[in-house]
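Quick setup: one chain, the form predicted alone, written in structure tokens, and binding and motion questions come after.
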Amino acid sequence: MTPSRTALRVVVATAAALVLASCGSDPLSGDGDDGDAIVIGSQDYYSNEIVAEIYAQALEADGHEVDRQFRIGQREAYVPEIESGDIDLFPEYSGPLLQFWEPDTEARLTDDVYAALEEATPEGVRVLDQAEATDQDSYVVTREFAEKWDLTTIADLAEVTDDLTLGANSEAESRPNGPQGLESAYGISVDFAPIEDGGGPLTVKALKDGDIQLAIIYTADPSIRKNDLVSLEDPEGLFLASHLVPVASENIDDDAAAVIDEVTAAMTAESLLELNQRSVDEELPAKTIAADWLASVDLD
């Protein structure tokens, strides 16, 4: 009999302790060889592995057998495995996956991207509900700057009377989401300062020191939460929407899909930031971070 959602919470709450007592296994070899197990994959990226582990623990607590196939690599390596049905469940990101299957897509905004992704998925594959959480480029400002000018969206920058300088890797100067794209989409002119660390510590320091007012940083980067930065909303879709979305094979039945949809509903932007920050700052394994998060959320 499949355990109730109440039982799920009880089982998950003890998972962190069990992690320390278990002997573990090679993530590339999986945890089992039962052909009926749900095969869950992940990218070779700490954030993606944590989410995949959350899926795995939630499904196990609901009575499903799981085979972990984590740290596979990038889309060129794992998407064919999803399409063939060798992988049953994978945490993906809506915009980049859509572009993989439909390179010429013109969809940019959240709902448009998700609808186009549903249409683009091959036979035998489907996308489940998408999360609020995103992992995509964004324009970021300091909390002080956002409050001073009452900034919520990129469009609000039009009300700023001070000079604006955007800091990012040098190639961003000529990309669609660089200064030219910002002026085209929002009518906002900015200077540009090349900072070659991909939105890393040098960029954050320049932002906090006031040397730049805008930076391009991923929405799920732990530095945003750690430094109390603000990602501006992008109503014109200057940045391709990239919401966390589970990709599923036909082996994911309605019960398993319902479990994953509950996890997705609880996966807020703040949740993903917190998970990533714990991984970076505390250097905890994915199993521990996943167990702690599941124990902290109220799944139905």
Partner chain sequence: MTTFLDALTWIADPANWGGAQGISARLLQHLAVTLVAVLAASALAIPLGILIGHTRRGRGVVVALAGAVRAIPTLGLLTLLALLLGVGVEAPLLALVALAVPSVLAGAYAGIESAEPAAVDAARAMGMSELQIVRNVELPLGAGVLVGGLRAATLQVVATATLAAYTSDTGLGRYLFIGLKARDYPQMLAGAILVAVLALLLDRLLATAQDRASRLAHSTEGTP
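Remember, predicted model here, so these are calculated numbers, not experimental data. Under this definition, the rigid core comprises the largest set of C-alpha atoms superposing within 1.5 Å between the forms. Numbering follows the first chain given and starts at 1.
Keep in mind that the form predicted in complex with the partner chain is not shown, yet the notes after this line are about it.
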4.5 Å heavy atom contact, D129 to the partner chain in the model of the complex = no
Is P201 a contact residue for the partner chain in the model of the complex, using a 4.5 Å heavy atom cut-off?
-> yes
Although the partner chain is absent from this view, report whether S170 comes within 4.5 Å of it in the model of the complex, heavy atoms only.
-> yes
Does P194 reach the partner chain in the model of the complex, with heavy atoms at most 4.5 Å apart?
-> yes
Residue stretch of 170 to 178, 143 to 151, 108 to 116, 183 to 191 approaching the partner chain in the model of the complex, non-hydrogen atom distance within 4.5 Å | 170 to 178
If you check L164, A120, A206, A155 against the partner chain in the model of the complex, which one has a heavy atom within 4.5 Å?
-> A206
Can a Cα shift of no less than 2 Å be assigned to I212 between the shown form and the other one, given superposition on the rigid core?
-> yes
Core-aligned C-alpha movement of E119 between the shown form and the other one reaching 2 Å = no
In the model of the complex, do the Cα atoms of Q213 and A269 sit closer or farther apart than here, given a shift of 3 Å or more?
-> farther
Relative Cα spacing, R175 and D44, in the model of the complex - shift of 3 Å or more | closer
